[in-house]
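Below: one protein chain in two forms, given as structure tokens, structure 1 then structure 2.
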Structure 1
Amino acid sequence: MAMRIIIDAFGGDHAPEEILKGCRMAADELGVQIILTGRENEIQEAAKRLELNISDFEIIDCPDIVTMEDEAVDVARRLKNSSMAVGMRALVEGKGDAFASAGNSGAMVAGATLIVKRIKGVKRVGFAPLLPKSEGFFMLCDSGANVECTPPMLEQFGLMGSVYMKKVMGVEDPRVCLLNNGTEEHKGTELYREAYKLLSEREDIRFVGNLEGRDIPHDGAEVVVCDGFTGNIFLKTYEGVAMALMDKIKGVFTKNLVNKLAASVVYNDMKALKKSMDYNEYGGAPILGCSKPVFKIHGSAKAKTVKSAIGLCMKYAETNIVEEIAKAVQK
């Protein structure tokens, strides 16, 4: 039986058109069964405009949409009939194997906590996007779900991230680090010093200590742990610098005829470089700690990114990562 992924058709900047196109790509290329939540009439009208056949998609009709202006807790209260809330309830009811949305991040965290619920023993769920580095990729947890954290929360982020990288991403022995303002054990605030002690005492993860921000892109670790406030700033800065750098490189190669000729010689290499540094290749971020697979797609996602996110959702669900995290937390 094909895996069933529930998708919020009205989450994100380019919904529902890009969501539908990405779902169609995923269904055709990955063999996944798509279940859409949202206003059925608008979904059908968008598919007609796009000349997209979605006759094999199941649609759960619901009237409301969670916007970026809505309060996070509204998803479980005032907006119970929104495409996001209905999708999460459908996941809990067993109608799908995973749920994904490109919608309001705060609402995603609230819904994951209040509707889907946390794994027993998990203190807080965490955003955990994958980002490119000089060799492969790394996970950043937390990247915005929890502005204020405790040392045990950071310990669990490291543990959950390690399990995810092993089971879902196939990294055999992921290195776990704390994002800090120095590599020495005594560096950082009390939060980070206490978290260092907890992580260093664990025998089930490969903790490599503190790393400074400049070391992260240079293959410093596969799991980078921090509080959500620090993580969100690091994430946005990382993305911004990468985009600015690629724009600068493009400017050099289009400066004059000689440079354009040079660009034509290394075109394939530059295209591969751009792809390797594009965070959209990973689609978004799992919300680690949920009792069922919930995935946050990039808010600005286009069709290709949506398809990538659905691919990761499939890996997330088929590897029984939730059970693995539960075992690790209980241990």
Structure 2
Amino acid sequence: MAMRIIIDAFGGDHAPEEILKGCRMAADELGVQIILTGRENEIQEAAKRLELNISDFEIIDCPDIVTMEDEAVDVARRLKNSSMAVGMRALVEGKGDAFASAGNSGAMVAGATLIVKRIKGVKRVGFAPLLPKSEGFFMLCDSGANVECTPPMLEQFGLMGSVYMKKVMGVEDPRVCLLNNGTEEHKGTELYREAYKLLSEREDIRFVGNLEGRDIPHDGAEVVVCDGFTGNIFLKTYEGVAMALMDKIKGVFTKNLVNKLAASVVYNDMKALKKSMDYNEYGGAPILGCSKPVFKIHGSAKAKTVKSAIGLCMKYAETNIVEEIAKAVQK
């Protein structure tokens, strides 16, 4: 039987059109069974407009939509009939193998905790996007779900990230580090010093110690662990600096005709470079630690990104890492 992925048709900047197109691509290319949640009539109308055959998709009709302005916890209360909440309940009920949405991140985290629920022993779910580094990519956990953290939470982020990178991303023996203000063991706040101890004592992960912000973009580690406040600052600075610099380079290349000619020569290489720096390439972020696979697709995702996110969801579900995380946190 084909794997079944539940998709929120009304999450993200380009819903429902790009979501539907991405789902069509995934069904055709990856052989996955798509289950959509959302307003059925609007989904059918959009498919008609796009001349997209979605007769093989299952649709769970529901009236509400979680917007970017909604409070995160509303997904489990006021908005329990939203495409996001209904999708999560369908996941819990076993109607699909994974759930993905490009909607409100905070609501995704709240829903993962309140509706899908955490794996037994997991203290908090972690929001864990993949980011590009000089060679390949790394996972940042937590990147914003938990503003206040305790040392055992950071320990679990390291564990869960390591399992995910190994099983889903195929990284052999991933290196795990703490993001800190220096490499020495005693660096950082009490939280980081305690987390350092806990992570060093684990034999089931490859802890490489503290790394500084400047080491991460180079080839430092595959799993970068920190609290959600620091992770959010890091993530957005990472993105912001790269974008500001690419804008400036664009300025150089469009300055005058001669520069434009030069730009045309390196155009393909620069495009490849830009792509290698674009974290949208990795489709999104798993929410680690919930009892069934929940995946956040980038809010700005278009069809192709939706398709790759669905591909990652399938791997997330088929590799059974939920069980592996459950075992690891018991130790």
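For clarity, a rigid core is taken as the largest C-alpha set superposing within 1.5 Å between two forms. Keep in mind that this is a model prediction, so the values were computed, not measured. Here, a residue number simply tells you its place in the sequence of structure 1, counted from 1.
Between the two chain copies, the one drawn from the form predicted alone is structure 1. The Cα position of residue 240 differs by 2 Å or more between structure 1 and structure 2 after fitting on the rigid core.
With the core superposed, residue 147 shows a C-alpha displacement below 2 Å between structure 1 and structure 2. Core-superposed comparison between structure 1 and structure 2: the CA of residue 200 stays below a 2 Å shift.
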